[in-house]
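Take a look at this one chain, the form predicted on its own, written out in structure tokens.
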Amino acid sequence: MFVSKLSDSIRQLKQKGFRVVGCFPLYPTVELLHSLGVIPIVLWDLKDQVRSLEESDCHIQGFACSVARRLAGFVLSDEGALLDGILMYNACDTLRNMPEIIQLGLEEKGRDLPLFRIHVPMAPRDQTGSDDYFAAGIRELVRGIESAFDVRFSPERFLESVKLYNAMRSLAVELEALAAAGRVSYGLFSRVIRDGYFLPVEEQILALEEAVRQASSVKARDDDGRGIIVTGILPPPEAVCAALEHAGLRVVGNDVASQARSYGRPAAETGDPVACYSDFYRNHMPCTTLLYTSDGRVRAIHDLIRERNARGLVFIGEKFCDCEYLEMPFIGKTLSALDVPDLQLEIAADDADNVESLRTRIEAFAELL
């Protein structure tokens, strides 16, 4: 495996004496890990970090999404051996079974890695009465991390970590607004957000502050009537971002899981992790990986389109992601009723950055607007 930004970042953190825990899916308890002196790295959108799927192909079917395949490929690789632990929670059917797959793969390699898990109830809690169950899971997670790394939880440090991550989320919202105004390209915005997942939150904040500073000095573009919303479980690859912008389309907002759905709502600022994460997961922005929130997706997308005065929606489909694909036909139907066209693009695991097969469709969609 080639040396990537991800493995470089982990190696540098290890050299500084930090312990690093790989986290997935997208919305892990990063504040808790940070408050305990452990650096959380969110293992998501690894297309540029994991080029070969040979390792994961030994454990995961070829018709699974590339998110799961690249995730397994990294954790089971020599680069993944740099990690000091893994934290997982349940999301879609594929990722729900990843802990057992990862654990078996590590055993085959003779590697012993602490594995922390929580279960997020995927039904509305007011229907299932699962608050006590979830609270017990968070407390058990705290005890597990304390035991594995010989550290002790502090409510004061936890609150400090929550505030740091909320500051990072606020800067991401600010940078998104600058991208919507045409003061920074959506491609650059996406790169800053993605690379931040592989950095400590303090470095994420510095990178976002610099990006905001540079973008703020650029003059805003006039509204040309070609504003679009981008949605999907993953953002468009950089080549697709370039194709969208070359066609004259401007991303004025996003509903991408690894972008706005991740930073769009701050965590409750409290020193109690049970209260913080009960609120965090219960009131999270609607996302197909949190099934109990999915009923709010249509309204959230419609509200975003109206708020940003967008003319269309582009769906970036991750091949074999059933959650997103089951939902998009209905969302597209509701958009038709609003006279808002949508374009659905599919990205497969083995797709290169060459987007010539998509460019014609993107340009036709731009002409439609």
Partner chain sequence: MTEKRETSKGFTKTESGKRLTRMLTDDYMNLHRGAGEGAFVVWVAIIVPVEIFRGFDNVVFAVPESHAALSAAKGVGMLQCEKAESSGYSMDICSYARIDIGTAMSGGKDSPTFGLPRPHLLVSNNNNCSLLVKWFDVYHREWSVPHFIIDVPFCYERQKDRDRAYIVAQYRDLIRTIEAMTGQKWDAGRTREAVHNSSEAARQYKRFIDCAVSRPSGITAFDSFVQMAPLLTSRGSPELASHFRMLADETEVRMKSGLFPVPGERYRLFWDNIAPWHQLRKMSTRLADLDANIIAASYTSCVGSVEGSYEFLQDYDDGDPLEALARMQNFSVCPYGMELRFEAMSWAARHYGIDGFVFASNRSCKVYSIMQMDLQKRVAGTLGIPSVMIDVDHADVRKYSEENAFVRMEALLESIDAVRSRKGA
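A quick note: this is a predicted structure, and the numbers were derived from the prediction, not measured. Residue numbers count along the first chain shown, from 1.
Below: the form predicted together with the partner chain, not depicted.
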| query | finding |
| --- | --- |
| One stretch from 335-343, 316-324, 302-310, 32-40 that, in the model of the complex, holds residues within 4.5 Å of the partner chain by heavy atom | 316-324 |
| The partner chain contact at A167 in the model of the complex, heavy atom, 4.5 Å | no |
| In the model of the complex, R96 touching the partner chain (heavy atom, 4.5 Å) | yes |
| Distance check, T288 to the partner chain in the model of the complex, heavy atom within 4.5 Å | yes |
| 4.5 angstroms heavy atom contact with the partner chain in the model of the complex for K47 | no |
| G225, P155, G248, P124 - the one with a heavy atom within 4.5 Å of the partner chain in the model of the complex | P124 |
| The single option of C241, A91, C276, L208 touching the partner chain in the model of the complex, heavy atom within 4.5 Å | A91 |
| Non-hydrogen atom within 4.5 angstroms of the partner chain in the model of the complex for each of A179, R221 and P236 | no |
| Interface residues of 149-187 toward the partner chain, as seen in the model of the complex [heavy atoms, 4.5 Å] | none |
